[in-house]
Each structure stands twice: as C-alpha cells, then as structure tokens.
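Here you get one chain, nothing else, as structure tokens; it is the form predicted alone.
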Amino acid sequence: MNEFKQLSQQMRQAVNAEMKAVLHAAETPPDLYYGMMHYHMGWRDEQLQPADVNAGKQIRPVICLLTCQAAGGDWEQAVPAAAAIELLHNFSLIHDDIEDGSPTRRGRKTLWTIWGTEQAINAGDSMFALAHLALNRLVDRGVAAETAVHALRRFDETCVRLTQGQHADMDFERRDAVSVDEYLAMITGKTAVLLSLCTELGALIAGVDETAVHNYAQFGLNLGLAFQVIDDILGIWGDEALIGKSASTDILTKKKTLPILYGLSQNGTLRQLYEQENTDEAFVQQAIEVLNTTGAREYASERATFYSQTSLQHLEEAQPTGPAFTALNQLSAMLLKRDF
C-alpha cells in the first residue's frame, strides 16, 4: 500500500478547501481583487471563469499534515497551518515571477503579464496577508491560543528568512564571485527554511516536546537542502528525459549552482571560460569537460548524501509512528532517491 498517495490525496483536498475559504473562492463571479489570486491558484482562467489547472504538487502542506499525524496529533487541526504555508509559498511565486521577469508559470501566463506589475505586486501582498489570517484559523480547530501565537511567530521569522534568501539570490545575479558558503546560506533561506517550517508547525500542533519539535524541524531543513543540491546536480548531469528540461540550461545561463560555484573555486580555466559573454552548445560542452576535472559532481553528491542522511536521522530521532510515518519515508524517498 502506498500510504503517501492515500493520505496526501485526502489532505490536499482539505487544504484546498481551506485555502478557497480564506480566498473567498465561493463568490461567483469573483471581483478582480480576489479573481487574480484565484487565477494564480489555478481556479480561474484569464476571464475569471472556473478552471481546474494544476497548481503544483503541494508537497509543503502535505508534509506539514503528515508530520502532525506522525507526531501523534490530529492532522485536521493543522489544516489552517498547512493552508497558510501553501499561500505563503504562492505569494513568493507571484513576486518571484515579477522579480525574474518570468512570462509563464505552470504553463500559463503569469499575473504581471496579464494585469500589470503593479496589480500583481498588490495581489502578492494580499496573499501574504491572507496567509497570516489563514494561520489564525488554528484556534477555530481547537488549537490552544498559546500554540497558535508560537506558530505565528515562527511563521513570521520564516518569512524574513525567505526574503533574505531571495535577496541573496538576486544579489548573486549581479556579482561575478559567489562563495560556496554564501550559496549554501542562500538556499537555506530560499528553499530549506520553508520546508523546515512545515515539519516544525506540524509537530508543534501535535503537542510534542521541544526536542521532538527540533528534530522534526531539522528533518525538514535538511530534506530541503538535499532536494536543492540534488536539483543542482541534475541541472548539469541529469537525464533530460527524466528531469523534463534541458540539462544544459544551468550552464547556458551561467546559473550559480553548487557544482558550478565549487568548480569555479577550484579551476582557473573554468573561471576564464565563464568570463565569456556569449554562450552556446560548444561553451556548454567545454564547461562540462572542465567541470568534470574539478571534482564538482563528487563534491555536490557528497553534500546531498550528507543532507539526506542527516534528514532521515532527525526523523528517526523524532520517533514518529503510524501510517503517516510510513508516508513521510515514502515522500523522502521520492524527493531524495533521484539518480544523481
């Protein structure tokens, strides 16, 4: 039996119902203010007519709910927290699309390309505020006010870390030199801390002790780091048929990922090559050939393995139980056991 598939389907339905309540999705037709958010979430088309568009795998809210149940809690009590996390994630996507100038998201036009930058910024701001209101609904599920306030504080602290990570990511685009340590700090803020919040809030709402909460939070943090480093490896050496994108894109765009930054720190020839303004397939092949001599792939693989093992060790130390624990292991295998 695939516990993850079975539990996640039920949990996603509950999270989507909660998000639709927070975003007033029952109003037909919605006004443009909410309609823009509904469009981004995949519930409406450009004319604000009903639609059902894939809005991502929603791994973050599911892992929050699985953690709550695995820690001995009632996952339905944690649904407002899971919805808040998914809304926070989507707020960041709206703003990321503007900051990156991305014309598409999930196969559709991004908000800013349809309704303009100003309205898209405002829609992102609105979703950020509504994410906080969603989290406050924990008390409606019987969660103690003290726990809800603690959760809100951790939520806001994570928001700061997320924007710090985004700041660093944008700053790196304007810099010629970025260190490996700076990069690891950036992906911790941009990617890993939100996954850590998912597992931490699930454990908090379950009511486990501080040690267990810490272990669950570290499980999520290291899981996020491992996932990102594996993604970096696949972005250079991955099988295009499996990863669904060109494996040369990261080098063509000179994206600063872990293997590339490590290679640049080790090899002057690679640094000189990256000083070229123009990139083409010949540049990609030459860069990969030089990169392979630096031990960059081995270094990144070792980091991914370290984060993966650390993640699973913290999960074991948290002493989870039941089908949700099995589902967390299945989810971890899906995220970590990719061919790198």
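Numbers for residues come from their place in the sequence shown, where the first is 1. These numbers come from a predicted model, not from an experiment.
The same protein also exists as the form predicted in complex with another copy of the chain; that form is not shown, yet it is the one meant from here on.
Relative to another copy of the chain in the model of the complex, residues Asn136, Glu146 and His167 are all within 4.5 Å by at least one heavy atom.
Taking Glu118, Asp181, Asp176, Asp209 one by one, only a single residue has any non-hydrogen atom within 4.5 Å of another copy of the chain in the model of the complex, and it is Glu118. When another copy of the chain is considered in the model of the complex, only one residue from Tyr34, Tyr299, Trp43, Tyr274 comes within 4.5 Å through any heavy atom, namely Tyr34. Taking the partner from elsewhere, Thr188 is found to have every heavy atom lying beyond 4.5 Å of another copy of the chain in the model of the complex.
The shortest heavy atom separation between Asn122 and another copy of the chain in the model of the complex is within 4.5 Å. The closest non-hydrogen atom of Thr163 lies within 4.5 Å of another copy of the chain in the model of the complex. Shown alone here, Phe91 lies within 4.5 Å of another copy of the chain in the model of the complex, counting heavy atoms only. Considering another copy of the chain in the model of the complex, the lone stretch of 264 to 272, 214 to 222, 92 to 100, 249 to 257 in range is 92 to 100 [heavy atom distance within 4.5 Å].
Contacts between stretch 250 to 276 and another copy of the chain, counted in the model of the complex as any heavy atom lying within 4.5 Å, involve no residue at all.
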